[in-house]
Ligand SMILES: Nc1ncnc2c1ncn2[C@@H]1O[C@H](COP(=O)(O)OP(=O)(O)OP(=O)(O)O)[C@@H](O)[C@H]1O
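Just the one chain here, the form predicted on its own, laid out as structure tokens.
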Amino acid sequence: MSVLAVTNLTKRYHRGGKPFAAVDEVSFDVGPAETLALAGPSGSGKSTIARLVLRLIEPDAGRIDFEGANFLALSGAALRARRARLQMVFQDPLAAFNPRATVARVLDDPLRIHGIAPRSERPHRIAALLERVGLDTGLAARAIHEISGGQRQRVAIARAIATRPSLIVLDEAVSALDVSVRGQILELLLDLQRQERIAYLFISHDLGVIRAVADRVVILDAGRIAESGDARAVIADPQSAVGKALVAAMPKLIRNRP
């Protein structure tokens, strides 16, 4: 059974007084411990799909099934409970978090909100989360704005895994990082996936990164699916115009890797 199944998902907006579909009848699924990448140029609908899947915005049409349940039909306590199993890591954790909050506060929030641990146990849980993502436990007392971008992204990942999710949506989660730090974060994500059996919906415009981490890829163009399939096969021989353009934009060194 798929962890996530999206069927004919549609979201319309108005531009200049005229309606347009930011997401137009998109369908895909993500299996347990699988990484499905959504790729495409700016404006192709990638981030809109992420917000729809998380129900940060509501679709105009279509269906979202998460862990076998109609996610769009849930509300109130049932929705809050299910959301613990569906988490997100944003491109810029400094914007996603209160920059003056401490690392401990950021990690305490999901433990408290979802009733995962009583107050007396939460410092121990926070320390364990920091260690799990390769950070010193002494960072707990530091403010988010006082730590590096790579450390902030590790904190964001720690926050996402705090609720033991079955799926994490990663929206351009490594695009703002230096190349060396990017590789370390990708290795961390792969290690967490192996150990915890987490599925990823990995959103990126970078096919080099997608080639390194994704099992399958869906390439979007103007809100519609242009092509999809095995990530390495699609990147090696794209069939759509947008797929060919994305491959052409990859660094030559990455394109020629075996």
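What you are looking at is a predicted structure, and each value in this text was computed from that prediction instead of being measured. Numbering starts at 1 and follows the sequence shown.
The form predicted in complex with this ligand exists for this protein as well; it is not shown, and the discussion that follows is about that form.
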Distance check, P32 to this ligand in the predicted bound form, heavy atom within 4.5 Å: no
Partner contact for R15 in the predicted bound form: this ligand, 4.5 angstroms, heavy atom: yes
Touches this ligand in the predicted bound form: Q193 (any heavy atom, 4.5 Å): no
4.5 angstroms heavy atom contact with this ligand in the predicted bound form for G68: no
Contact stretch among 194 to 202, 59 to 67, 210 to 218, 45 to 53 - heavy atom within 4.5 Å of this ligand in the predicted bound form: 45 to 53
Residues of 15 to 32 having any heavy atom within 4.5 Å of this ligand in the predicted bound form, listed in sequence order: R15, F20, A22
